[in-house]
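One chain comes next, on its own, written as structure tokens: the form predicted on its own.
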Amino acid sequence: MASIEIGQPLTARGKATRARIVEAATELVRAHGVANTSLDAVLAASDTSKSQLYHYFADKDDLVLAVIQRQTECVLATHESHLRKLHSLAGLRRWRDAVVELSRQTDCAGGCPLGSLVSELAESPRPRELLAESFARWEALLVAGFRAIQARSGTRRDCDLTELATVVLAALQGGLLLAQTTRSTRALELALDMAIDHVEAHLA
């Protein structure tokens, strides 16, 4: 994913300031949405000045791109610990259980951080492009895991692993949306179970 920094921080202090601005903006956007997050609120939350903010970001749109990057790293870090070592269907189901448990711990509030950004930004070309790249990276983790499952089981069935990853990711996003709406993980569980059954039918 290409860098979007305007004022490239050259010092540790500069990097820390930029990171503090992005972190504050990310938390505010997660809590209130992009439209309801003002630059003044970001300044207050990050304890920075306007001159500091505009040194690193041209405007709010530019800061939002950094928020997308930050949320992508946070989301992928949450899932990588399971998907990087995925080599069996049992491992895929353990990932499913971890996803459900994480949703349960938050009382199903908030949905997917990336999915929530899509609902606000999908009609803006550059944010949509970055979000598409983020989901592609997520799918790539699943594809690598499916390839490892094939290698370990010795199967070489003719199937499109990318399409299988899309099925799982679509089930996850739809399940999280319904879980957020109903405040119940049941839809998420059903969606992921059916997607994993589909994967098993093609890989096992």
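All values reported here derive from a predicted model rather than from experimental measurement. From 1 onward, residues are counted along the sequence shown.
Below: the form predicted together with a further copy of the same chain, not depicted.
Site annotation in the model of the complex: the residue of L89, V118, L102, L76 reaching within 4.5 Å of a further copy of the same chain with a heavy atom is V118. Distance criterion of 4.5 Å from any heavy atom to a further copy of the same chain in the model of the complex singles out A170 from the list A170, L43, C159, A148. This chain is displayed without a further copy of the same chain, yet in the model of the complex the stretch 174-182 from 47-55, 174-182, 140-148, 62-70 comes within 4.5 Å of it by heavy atoms. Residue contact check for L83: none of its heavy atoms lie within 4.5 Å of a further copy of the same chain in the model of the complex. Taking the partner from the other structure, a further copy of the same chain in the model of the complex has no heavy atom within 4.5 Å of any heavy atom of S38. Using a 4.5 angstroms limit between non-hydrogen atoms, K15 is distant from a further copy of the same chain in the model of the complex.
The closest non-hydrogen atom of R94 lies beyond 4.5 Å of a further copy of the same chain in the model of the complex.
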